[in-house]
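Quick heads-up: it's one chain on its own, the form predicted alone, in structure tokens.
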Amino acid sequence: MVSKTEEDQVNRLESQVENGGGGEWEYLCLVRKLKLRRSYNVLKYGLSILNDPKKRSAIGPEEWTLYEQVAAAAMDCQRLDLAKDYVKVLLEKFPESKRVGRLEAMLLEAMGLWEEAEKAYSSLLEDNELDPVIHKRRVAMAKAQGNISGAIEWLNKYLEIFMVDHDAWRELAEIYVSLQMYKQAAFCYEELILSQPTIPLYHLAYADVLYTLGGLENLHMAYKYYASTIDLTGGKHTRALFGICLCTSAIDQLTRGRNKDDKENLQLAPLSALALGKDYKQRAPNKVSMLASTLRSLKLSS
């Protein structure tokens, strides 16, 4: 994840280059280091170096890294003619390179030649079955073709090998949610919380899934994870505050007429309603009446 400082640094360099202050190579190096996807600018600034023999010779052997970076950006920008030319240059320079072979497979993918791309990726995996980029490209290729079941299959296979890839777990969870496969999504968020317990986004997403699943046990669990989201964000997460109110109302409806044990430890609802009232008065005063109406319908008040 890119920090605010790093993002500001990239933006400053971008502004400097745009205003004629130079720094194209420094910008390209930083974008590559931070793994940012700014394809239009990478293509624009990269071409300004590659098309100038003096600038190209100044970066020495890094010229070939730049060819690779610009070729990938050209695919992103649908400049497949440029991408094809630069992949050809790299293949002539490094005919046995698996890295260039991967780039060539990406070009086939960008051209919509799915079968050829799949064959190329399979061939590369025979030489190195632990190449994470190729596994991820297979997922992306399945999604690009609308083959969601295929994307799920490839993601699961990828996660059998690379179990600590948080982005992959999150992507799989989001696919499951889009398909209303909430139990499977819940499992993915459990894995994320186990590996990164201090990230409120995962607690919130898990609580949302549990609330959607419904049932008394899931609602109690959702309540706890909305509460942990509030705790991790200093008590100021609007969605989690609403989640506490919704869970409390739903639990109250399901336990009506039962003993008090099912309703214990739900004291956060009045505090959440109060916090929402203060938040709306500060940030959206014109919607305070709407909030009050919503809370009344949940038998709460701010």
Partner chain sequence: MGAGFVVGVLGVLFLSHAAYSTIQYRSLLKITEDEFTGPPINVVMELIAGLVLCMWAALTVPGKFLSILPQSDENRVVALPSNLDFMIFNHRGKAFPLSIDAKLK
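No experiment lies behind these values; they were computed from the predicted model shown. Numbering follows the first chain given and starts at 1.
Keep in mind that the form predicted together with its partner chain is not shown, yet the notes after this line are about it.
Q | Single option in Ile148, Ile199, Leu125, Leu179 placed near its partner chain in the predicted complex, where near means a heavy atom within 4.5 Å | A | Only one option qualifies, and that one is Ile199.
Q: Have a look at Leu43, Cys29, Leu246, Ile49 for me and say which one sits with a heavy atom within 4.5 Å of its partner chain in the predicted complex.
A: The residue from Leu43, Cys29, Leu246, Ile49 that makes the contact is Leu43.
**Q.** 4.5 angstroms heavy atom contact with its partner chain in the predicted complex for Arg37
**A.** Heavy-atom contact with its partner chain at 4.5 Å: present for Arg37.
Q. Applying a 4.5 Å heavy atom distance criterion, does Leu155 contact its partner chain in the predicted complex?
A. Yes - in the predicted complex, heavy atoms of Leu155 and its partner chain come within 4.5 Å of each other.
Q) Would Leu219 sit within 4.5 Å of its partner chain in the predicted complex, counting heavy atoms only? A) Looking in the predicted complex, residue contacts with its partner chain do not include Leu219, since no heavy atom lies within 4.5 Å.
Q. Is Ser3 a contact residue for its partner chain in the predicted complex, using a 4.5 Å heavy atom cut-off?
A. Heavy-atom contact with its partner chain at 4.5 Å: present for Ser3.
Q: Residue by residue through 99-121, tell me which have a non-hydrogen atom within 4.5 angstroms of its partner chain in the predicted complex.
A: Counting only heavy atoms within 4.5 Å of its partner chain in the predicted complex, the contacting residues of 99-121 are Met106, Ala110, Trp114.
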